[in-house]
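Next comes just one chain, in structure tokens: the form predicted on its own.
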Amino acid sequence: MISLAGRDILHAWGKFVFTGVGLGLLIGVTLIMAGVYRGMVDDAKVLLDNSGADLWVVQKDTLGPYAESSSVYDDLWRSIRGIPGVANAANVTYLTMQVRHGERDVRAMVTGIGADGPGTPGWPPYLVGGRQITRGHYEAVADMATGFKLGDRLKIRRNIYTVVGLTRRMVSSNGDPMVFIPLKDAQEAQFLKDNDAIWQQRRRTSENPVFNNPGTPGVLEAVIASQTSSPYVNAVLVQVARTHAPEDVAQAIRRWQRLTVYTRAQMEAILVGKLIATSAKQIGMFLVILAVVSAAIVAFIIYTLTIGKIREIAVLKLIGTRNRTIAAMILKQAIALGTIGFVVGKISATFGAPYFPKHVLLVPQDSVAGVAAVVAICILSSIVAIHAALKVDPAEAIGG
């Protein structure tokens, strides 16, 4: 049987192969976009896994601490630890900011962790270098994605921290690497104001006759002292005893502490369903646009190649070749072009993903879906060329 694809490869291989490579790069971008979405979902799950928590206790009626601002008192964990079913509870703060190292700024999620030591909720579960934080101030454990090394000195707000440990795949839901510092330092970095703001606040307080009443000495000093410390954290992370169901313990905390409590499934739904929902829609739109563009390119190329062989097709019809056979040849040519494009796209996506700024997770399911989509696009795109070939008059073979 005559193969139109084979003929193009033999006599015009450059045009056919380079067209396949161009299509492959487009398919590679499509696979990368799907990998970006998978990476965002994986980052959200990694964040929850690494926290070591079964429950997240946050400010009432908020989606905190990852999707929305949340503030609770830092002595709340003592009351929560006394509730039946609670194995461990610890304060934690999260602050996404620029961390300065020398002349370089790195965007990171600064996480304040309690002083109870490794194994406590919120602490990095493992290290790939150095040690955990052992001092109460000015030590940090950084994710390797920050590019920091052991012994580096970082500036967070007004304080300098020394990197004493390195970890891996500790990222926020946005993919920002995490930097762990002592909780007190994180509270200061997150809630305390700069010197000018503190001066303005003290001036306003001193001018308030309620606080600065000559008849009640000492009130002004007490109010100012209360303004210089921060008694808040973003959330309390809770580990539940194996003998209790997380939902039962969460219900008890909601009832007695009157706070919002999320289980692992609920927090995952917030991160995946709400926090990255807009990004997922944007990626979905790009995938649709790329699919339409790919279909248009394949249709144009197959139509051009078919029109270029219109005399050969007329000869085939003249010698009695059935329309079904001609249509099958064009269809095979389109699928061959799509196969070359997918192979090129898969290779380019695999080797290009590590260099992408975001975490790209390529999963086999997306590759299988990609093959099916490419074949479907090629079949649909060849319809125009098949229609043009079947309308060819056999007389054109002899110049009629």
Partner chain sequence: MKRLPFQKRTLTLMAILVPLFALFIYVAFSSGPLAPVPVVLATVENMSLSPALFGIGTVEARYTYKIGPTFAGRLKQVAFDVGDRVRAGQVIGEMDPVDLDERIAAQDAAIKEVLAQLREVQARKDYAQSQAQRYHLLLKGRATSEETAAAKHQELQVAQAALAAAQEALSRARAEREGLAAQRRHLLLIAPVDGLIVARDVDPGTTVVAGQAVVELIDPDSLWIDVRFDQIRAQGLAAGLPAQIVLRSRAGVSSTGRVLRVEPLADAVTEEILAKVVFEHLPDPLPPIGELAEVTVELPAQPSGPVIPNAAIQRIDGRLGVWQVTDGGPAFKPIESVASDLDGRVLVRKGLEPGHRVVAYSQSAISGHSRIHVVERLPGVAP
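C-alpha atoms forming the largest set that superposes within 1.5 Å between two forms make up the rigid core. Residue numbers count along the first chain shown, from 1. What you are looking at is a predicted structure, and each value in this text was computed from that prediction instead of being measured.
Although it is not shown, the form predicted together with the partner chain is what the next lines describe.
Of the listed stretches (335 to 343, 37 to 45, 352 to 360, 57 to 65), which one has a non-hydrogen atom within 4.5 Å of the partner chain in the predicted bound form? Contact-bearing stretch, as computed: 335 to 343.
Counting only heavy atoms and a 4.5 Å cut-off, does the partner chain in the predicted bound form sit next to every one of N323, G370 and H387? No residue of the spot touches the partner chain in the predicted bound form.
Can you work out whether R311 and the partner chain are in contact in the predicted bound form, taking contact to mean some heavy atom pair no more than 4.5 Å apart? Heavy-atom contact with the partner chain at 4.5 Å: absent for R311.
Answer for K184 alone: is it within 4.5 Å of the partner chain in the predicted bound form, judged on heavy atom distances? Yes, contact at 4.5 Å.
In the predicted bound form, is there a heavy atom of the partner chain that lies within 4.5 Å of any heavy atom of P118, even though the partner is absent here? Judged by the heavy-atom cut-off of 4.5 Å, P118 is in contact with the partner chain in the predicted bound form.
Does at least one non-hydrogen atom of R242 fall within 4.5 angstroms of the partner chain in the predicted bound form? Close contact exists here: in the predicted bound form, R242 approaches the partner chain to within 4.5 Å, heavy atoms only.
Of A280, A327, A145, L127, the one that lies within 4.5 Å of the partner chain in the predicted bound form (heavy atoms): Looking at A280, A327, A145, L127 one by one, just L127 meets the 4.5 Å heavy-atom criterion.
The unique member of N174, S71, Q132, S79 whose heavy atoms fall within 4.5 Å of the partner chain in the predicted bound form: The residue from N174, S71, Q132, S79 that makes the contact is Q132.
My question is whether Y126 is one of the residues whose C-alpha shifts by 2 Å or more between the shown form and the other one, given a fit on the rigid core. Y126 C-alpha, core-superposed: shift of 2 Å or more.
Core-aligned C-alpha movement of L220 between the shown form and the other one, 2 Å or more: Superposed on the core, L220 moves its C-alpha 2 Å or more between the shown form and the other one.
After core superposition, I'd like to know whether R202 moves between the shown form and the other one (criterion: C-alpha shift of 2 angstroms or more). Yes; R202 is a residue whose C-alpha shifts (by 2 Å or more) between the shown form and the other one when the cores are overlaid.
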